[in-house]
Structures are given as C-alpha cells and as structure tokens.
Ligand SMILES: Nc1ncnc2c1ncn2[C@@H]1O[C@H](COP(=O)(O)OP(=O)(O)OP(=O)(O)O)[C@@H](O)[C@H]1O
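Next up: a single chain in structure tokens, the form predicted on its own.
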Amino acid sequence: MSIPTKEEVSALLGGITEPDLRRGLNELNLIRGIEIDGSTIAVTVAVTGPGPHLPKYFNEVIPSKLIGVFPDVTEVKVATTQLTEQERAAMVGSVKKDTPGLLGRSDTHTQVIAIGSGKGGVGKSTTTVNIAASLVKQGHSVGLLDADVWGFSIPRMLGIHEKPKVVEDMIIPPEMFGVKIVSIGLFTTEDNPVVWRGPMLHKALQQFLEDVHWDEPDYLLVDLPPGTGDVSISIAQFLPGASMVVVTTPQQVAEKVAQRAGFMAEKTGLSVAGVVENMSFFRGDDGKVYNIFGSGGGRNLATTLNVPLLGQIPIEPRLTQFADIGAPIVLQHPDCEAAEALDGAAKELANILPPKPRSAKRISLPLLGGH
C-alpha cells in the first residue's frame, strides 16, 4: 500500500482554488490540519465566511482530488473552521495589497474599454456581453462593469441573479461564462428604479472600482449608459488611459448622435478604439440582404473619428432571444452570421488593444494557521 505523506497531500491541496477569492488554498494559508491514519486522511480547512456553500464545496472537491490521485486512500474526512475576524482582515488586506482596485490607476495590467453609444436602443449592452464572452473564448480573463445604472441589463443577459459576496469590505463579483460581473442590478430587483443624482452615481462607480476584487483581468469592459452625462465623465476620471468603443446603427441619425459620444470621449481623455455597427442588415432565408435601418452609418462614424470599423453585426432574432434567457449568442450559436461578426469584432479589438504585461508578483500572506 502506498500512503502519501503530509507534504504530498499539502502540495496537492494547494492546487485547489478557493471559489470566492479564486486563489490556491496554500496561497491563502487555509489548510489548518492534515492527519493521515492508514488509508484515511483527515483535512481541516478554514473558510472565509459564513454560509453553507464553502463547506459543501470543500466536502466535494477535497475527497475527489485526493482519492483520484492516491488510489490507496479509501476515505477522506473534511472539517471546516471559520477564519477569525483578525485573520480574515489580514487575508483581505494582503489580497488588496497585491491586486489593488482599478480606481485611478494607469499602471494596471488591465485594458479598460468603455462601450458607449449616443442613444439608447442600438444594442450596446448586447454587444458588450457578447464581446466579453468572445474575449473569454480567446483565452483572456474578463471583467464587466455595468455602469448603466438607470438601465442596467447585464445581469439578465448573462443569467446572473445572485448578489455579490462580501469578505470584510471586499466585494467578490459573481462569475458567469468566465466573465466577472458587477452591476447595481445585483443589489436591487429588476423592477426597482434607481433614482439617484450625479454624486450618488459617482460614489457607486468609485466603490465598484475600488472595493471589487477584480483581480486585474486582461480586460475590463464598462457598459456605459447612453449619452454623454455624469457616468461617462466619472469613468474617464476614474480610469486614466481607458479606451472606448462606440456602438451605432447604420441610420444617419444614430450615427450623428453616436458621433457626439465619440467626441465626448476624446474631450474627457478616453481614447476611441473603434466603432461597432449593430443592426447592419437583415439576411432573408433566400440570402437577400435588406438594409432595414439604412446603410453607411458605422463606416461614416469610423471615418469621422479616424478609427477602425470593428464589425458590422446583422439583425438576428436569436441574438435578442438568447440575451433574454442569459446566454450570449457567441457561445450558444457560434456559427451564425451575427456571432461570427461579434467574434470578429472582439478579435480585432484584442489586436488593437492587446493585454498589457502582467507583473510577476504574487501575494505573500501572513501565516495564520499551520498543518
């Protein structure tokens, strides 16, 4: 019989990720005890907060991991203990020190891309969700900040209904399809209007950038509200060096309104990276193309702003159907023309704005418990 040593068990447990902070158990010093008695291993692991989800997770993952690697181990017992307030504060402080919030930082690894439009109803949020999912498909880590405080729709489009978890004063964003999301819609009900003035919006956005554990993803997409108001100006102040993608339709009226959003970006310090033309055309079952909303708006806007036209997204009924049920079309129907156009826009965006070099530093937590 080949029984593992404590060191071998510890090394294997280090490969298990804490599901909220998404760091290894050894990296966070959460393994508090390992006892080996013949073919039985007893593991004690500290959890970061109350609630049943963490004990349940570890009771499933740890036995599966150990028995899968060590075939002579027949039983794994898992016990959990909660971190003390002091331990939790020390852990959160160390995590924040290693990956501080994005607020006011120009040295971050993250490429911040605001996605805006001059007017509502052009499919800006649907475009944002699908570009985010497409960037994940390319192998990038992605965060999505829903800054459309009055018209939030990102939670529904990604099928997220859970509130973010909070560890000390650090907000852990929920994740769906590999995209980390924060939205005011996760803190209120979908039918409850947000009646805030500018200063409250400014403060909420500041908290989303300062207190959320984004963990420096390759990309942070920011879904802006339509127009050129308070939120867009605040984002430009909070995120120096951020870029912007402008979404329009082919219609000349929409193009002219979107043009003002592009000029606003330039005046506030946002660099316009490109234009996406949505609802470009409809292709019938016979293959014929119908320009329902006119033509040329996206290309004209890109020429005016002197930026590339990243993509022309056709009208596709399934695009809105999938959005309503929380499933991006680039994942659910990747071979359709709309999904291919969105994937193309995301790839072009990644070519223009590749991820920045990542710092080699990792966190070094104080040893709060041992084994």
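One-based numbering along the sequence shown. A quick note: this is a predicted structure, and the numbers were derived from the prediction, not measured.
This protein has a second form, the form predicted together with the ligand, left out of what is shown; the following refers to that one.
Does the ligand get within 4.5 angstroms of any non-hydrogen atom of residue 28 in the predicted complex?
No, residue 28 is distant from the partner.
Would residue 139 sit within 4.5 Å of the ligand in the predicted complex, counting heavy atoms only?
No - in the predicted complex, heavy atoms of residue 139 and the ligand never come within 4.5 Å of each other.
I'd like to know whether residue 248 contacts the ligand in the predicted complex, with contact meaning heavy atoms within 4.5 angstroms.
Outside the cut-off, so no.
Hey, in the predicted complex, is residue 343 touching the ligand, heavy atoms inside 4.5 Å?
Heavy-atom contact with the ligand at 4.5 Å: absent for residue 343.
Using a 4.5 Å heavy atom cut-off, which residue among 164, 274, 226, 217 comes into contact with the ligand in the predicted complex?
Of the candidates 164, 274, 226, 217, 226 is the one lying within 4.5 Å of the ligand in the predicted complex.
Pick from 270, 131, 157, 182: which residue has any heavy atom within 4.5 angstroms of the ligand in the predicted complex?
Contact residue from the list: 157.
Any chance all of 306, 310 and 349 sit within 4.5 Å of the ligand in the predicted complex, going by non-hydrogen atoms?
Judged in the predicted complex, none of 306, 310 and 349 sits within 4.5 Å of the ligand.
I need the one stretch from 114-122, 205-213, 283-291, 68-76 whose residues put non-hydrogen atoms within 4.5 angstroms of the ligand in the predicted complex.
Every other range fails; the passing one is 114-122.
Though the partner is not shown here, which residues of 271-308 have a heavy atom within 4.5 Å of the ligand in the predicted complex?
Result: 278, 279.
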